[in-house]
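The chain below stands alone and is given as structure tokens, in the form predicted alone.
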Amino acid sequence: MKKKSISYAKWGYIFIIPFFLVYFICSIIPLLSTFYYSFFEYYENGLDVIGPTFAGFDNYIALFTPTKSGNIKLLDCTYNTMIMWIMGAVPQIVVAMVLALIFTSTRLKIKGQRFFKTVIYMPNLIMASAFAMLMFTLFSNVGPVNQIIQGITGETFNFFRNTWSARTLVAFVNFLMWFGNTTILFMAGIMGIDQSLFEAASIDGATSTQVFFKVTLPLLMPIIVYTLITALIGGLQMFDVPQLLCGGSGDPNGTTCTLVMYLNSFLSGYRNYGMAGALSVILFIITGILSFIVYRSLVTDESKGGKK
């Protein structure tokens, strides 16, 4: 007689059913609904609901139709979003990498690493709206920064009426909020590297620069790819900081209006669900394409022994 074996595999599937149910109801269904209504004329006019009436690709065509000034607002908002993301993400990656190398260095042996980790990560715990209001208070026309400038030059500078100063402030807030989280990720990745590799490189006479580019950076590449893709997704969804700092229209002259701010404009007033759905689909496609480019350009294909 063969003994009956008890399989517990089914319990694993049973325990993950609640997650998939919540994910399906709260994520998949709204995603499919957004894609569906992007092909319909569907908006509110006061208390009246117009539609949903099938409109084909009219919503997508409208998004790429130039305005009276000859500009395509979708492209302008995409440019604004990418510029402010790059201005905040590049310093974020560089500063986080430098701090991670300093704190994990066996030569420096910095004491109180837990304290510094906590201090660096603390800005990530503060709400973006609080950060934005703090910056608005500091750099407003009657704020302390302008008072110092007025004491030196005799005039004030309107930071929120200048394109590049407004973009810089938005990027600076995003940098402050996320560089601590990136530093912690890089530190975890570096500490996960086998220390014998660093010792072997040191014995072979490699300099610190050579160790970084030949040992640390290649082995840290999966963490860097993850950080860049998540930062890219978060950057394309940038909303609260520019919304509070520069107003809902993206002052000055819409140069700080992001894609999600543009999306929000369709959900206020007439509540144009069709146009909002079409813009959401385009944002999803842009995010997927850029994430794929980042992934393919940085991930090494081990099977072919080369870099893609």
Partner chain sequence: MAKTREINEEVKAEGSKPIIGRILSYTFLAFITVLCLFAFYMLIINATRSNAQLQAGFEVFPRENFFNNFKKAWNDESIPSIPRALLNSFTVAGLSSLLCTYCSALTAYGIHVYDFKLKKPAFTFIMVIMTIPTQVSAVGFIQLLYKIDLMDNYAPLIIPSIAAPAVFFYMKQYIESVLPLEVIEAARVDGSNEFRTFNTIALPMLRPAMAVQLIFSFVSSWNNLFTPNLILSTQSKLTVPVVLSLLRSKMNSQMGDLGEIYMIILLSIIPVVIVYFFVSKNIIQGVTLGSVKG
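Numbering follows the first chain given and starts at 1. A quick note: this is a predicted structure, and the numbers were derived from the prediction, not measured. The term rigid core refers to the maximal set of C-alpha atoms that superpose within 1.5 Å between the two forms.
The protein also exists as the form predicted in complex with its partner chain; that form is not presented, and the subsequent description refers to it.
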| property | result |
| --- | --- |
| Close approach of Asn181 to its partner chain in the model of the complex, 4.5 Å, heavy atom | yes |
| Any non-hydrogen atom of Asp58 within 4.5 angstroms of its partner chain in the model of the complex | no |
| 4.5 angstroms heavy atom contact with its partner chain in the model of the complex for Ile102 | yes |
| Close approach of Pro30 to its partner chain in the model of the complex, 4.5 Å, heavy atom | yes |
| Triple contact flag Asp76, Phe212 and Gly254 to its partner chain in the model of the complex, non-hydrogen atom at 4.5 angstroms | no |
| Location of its partner chain contact in the model of the complex, chosen stretch of 68-76, 128-136, 162-170, 81-89 [non-hydrogen atom, 4.5 Å] | 128-136 |
| The single option of Ala188, Leu219, Val225, Leu197 touching its partner chain in the model of the complex, heavy atom within 4.5 Å | Ala188 |
| Interface residues of 105-121 toward its partner chain, as seen in the model of the complex [heavy atoms, 4.5 Å] | Thr106, Arg107, Leu108, Lys109, Ile110, Lys111, Arg114, Phe115, Phe116, Lys117, Thr118, Val119, Ile120, Tyr121 |
| CA of Pro252, rigid core aligned, shift of 2 Å or more between the shown form and the other one | no |
| Shift of Ala62 between the shown form and the other one at or above 2 Å (CA, core fit) | no |
| Ile50 C-alpha moves between the shown form and the other one by 2 Å or more, core aligned | yes |
